[in-house]
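Shown here is one chain on its own, the form predicted on its own, set out as structure tokens.
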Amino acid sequence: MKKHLYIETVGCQMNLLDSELVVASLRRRGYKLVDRAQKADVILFNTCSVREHAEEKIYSALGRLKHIKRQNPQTIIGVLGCMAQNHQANVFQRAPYVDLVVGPGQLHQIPGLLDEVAEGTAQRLEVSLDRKGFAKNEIEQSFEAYDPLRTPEMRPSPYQAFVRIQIGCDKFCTYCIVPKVRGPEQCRPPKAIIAEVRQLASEGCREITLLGQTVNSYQHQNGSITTRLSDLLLQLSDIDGIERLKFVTSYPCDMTDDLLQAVGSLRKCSHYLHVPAQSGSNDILKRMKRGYTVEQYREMLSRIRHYVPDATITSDFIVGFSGETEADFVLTKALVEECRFKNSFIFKYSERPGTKGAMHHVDDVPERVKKQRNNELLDIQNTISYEDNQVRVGKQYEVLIEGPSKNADKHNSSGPLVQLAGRTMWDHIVVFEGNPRLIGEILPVTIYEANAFTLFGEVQTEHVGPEVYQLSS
């Protein structure tokens, strides 16, 4: 009899990939994925610890499962990922009906652990070593990379895939919990990455997004041979079937000229770069231990514009970090207005126990001020995004058609047409009416309307009309 699996994922692209791989491994053991926890024999939450809200959301969801466990004690409930590594046995204390707590370095153990729990084994805790008190190689080994071969049906889209090239982080920004919960920075061998991408291409995948906590820090040493991200992109661009290459998230100090030259010269590389700034104040950047100044960030942007003149750049900002004054915030607003990012992900500072920020800096900005600054910065960014998108009206772009849009069910289309969504090589979201048979194709779409977040267009079945904006060979 098949077991039924429900999994809920919170967090970044790395978490989405981890969930995909866990589901694939369990599907191979006969599990069937279901869309509601009430239908499942196994309920898993893959979690994030970057912000307190994400953790509390999981505890709230776990609280709603009490009655399921009471009605069917055989139901297995598991907490996976960053929150599991961060809270460890505390998860059992807050939710004693949880059976399994598994860190991101132990995901490969999940099938066996589920078997043990089903056979009557007590609660299982499997996490990596703490980054203090152990030898570096022991810590690295305890944060084991999990990148098994996948099956196409497990990907959200058969035409797109995340590929992990790096795990962990050694930057130790004072606000960030990632080095603690994801472990030391470790880079996968290029041979393994290339083999995975070749397999994905053979299964019909057309777009690859390379993942790493600071992905442009990628550097793998094999004897006298050093492979950088620029070298890896060059090798991946030769793989038939792959039409687009992206990478996230980049660290400003590691945005090297060789990498920018590769992005600018390789036809398959998306001209989209996500490079978080976090603040426009040097005092705050120093307190965050970001490792660069605002002037150095501007210089990096200048080099991006030199090597990739048409690049779209997105950023992250934290408002209300410890000690942030109104003057500091004004500097952040000025940086956003100057740089005109395609988009910015803006967050209110959330103190994370165990970070240097929590140990050494008082979380002294009132919540109402954080909220006000968050909304104010968001308004500035949305205005910029709207203005920049208006410039794209009337132009035509090559769009990889990903599938039905989020609002396809609500959109009134006629006949066989549905509202489809896709992305340009600059990562703009484009929606338009089209036949579902177009999904997976790369086609020219003419833009007739735009808001701050989305371009609205019309697919061109004939390659006629306005100039098509695409990356040249």
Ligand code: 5AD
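It should be emphasised that the depicted structure is a prediction, and the values quoted were computed from it without experimental measurement. Start at 1 and count along the sequence shown; that's the residue number.
What follows is about the form predicted in complex with 5'-deoxyadenosine (5AD), which we do not show.
Student: Which listed residue (Ser350, Ser385, Gln396, Thr312) meets the criterion of a heavy atom within 4.5 Å of 5'-deoxyadenosine (5AD) in the predicted bound form?
Tutor: Only one listed residue qualifies here, and that residue is Ser350.
Student: So which of Ser322, Ser230, Gln278, Asn374 gets a non-hydrogen atom within 4.5 Å of 5'-deoxyadenosine (5AD) in the predicted bound form?
Tutor: Among Ser322, Ser230, Gln278, Asn374, a heavy atom within 4.5 Å of 5'-deoxyadenosine (5AD) in the predicted bound form occurs only for Gln278.
Student: Does Cys176 reach 5'-deoxyadenosine (5AD) in the predicted bound form, with heavy atoms at most 4.5 Å apart?
Tutor: Heavy-atom contact with 5'-deoxyadenosine (5AD) at 4.5 Å: present for Cys176.
Student: Considering non-hydrogen atoms and a 4.5 Å limit, does 5'-deoxyadenosine (5AD) approach Asp316 in the predicted bound form?
Tutor: Within the cut-off, so yes.
Student: My question is simply whether Lys69 lines the interface with 5'-deoxyadenosine (5AD) in the predicted bound form - judged by any non-hydrogen atom within 4.5 Å.
Tutor: No - in the predicted bound form, heavy atoms of Lys69 and 5'-deoxyadenosine (5AD) never come within 4.5 Å of each other.
Student: Would you check, heavy atoms only and a 4.5 Å threshold, whether Val50 touches 5'-deoxyadenosine (5AD) in the predicted bound form?
Tutor: Val50 belongs to the contact set for 5'-deoxyadenosine (5AD).
Student: Among 441-449, 50-58, 34-42, 424-432, which stretch has residues with heavy atoms no more than 4.5 Å from 5'-deoxyadenosine (5AD) in the predicted bound form?
Tutor: One stretch meets the cut-off, namely 50-58.
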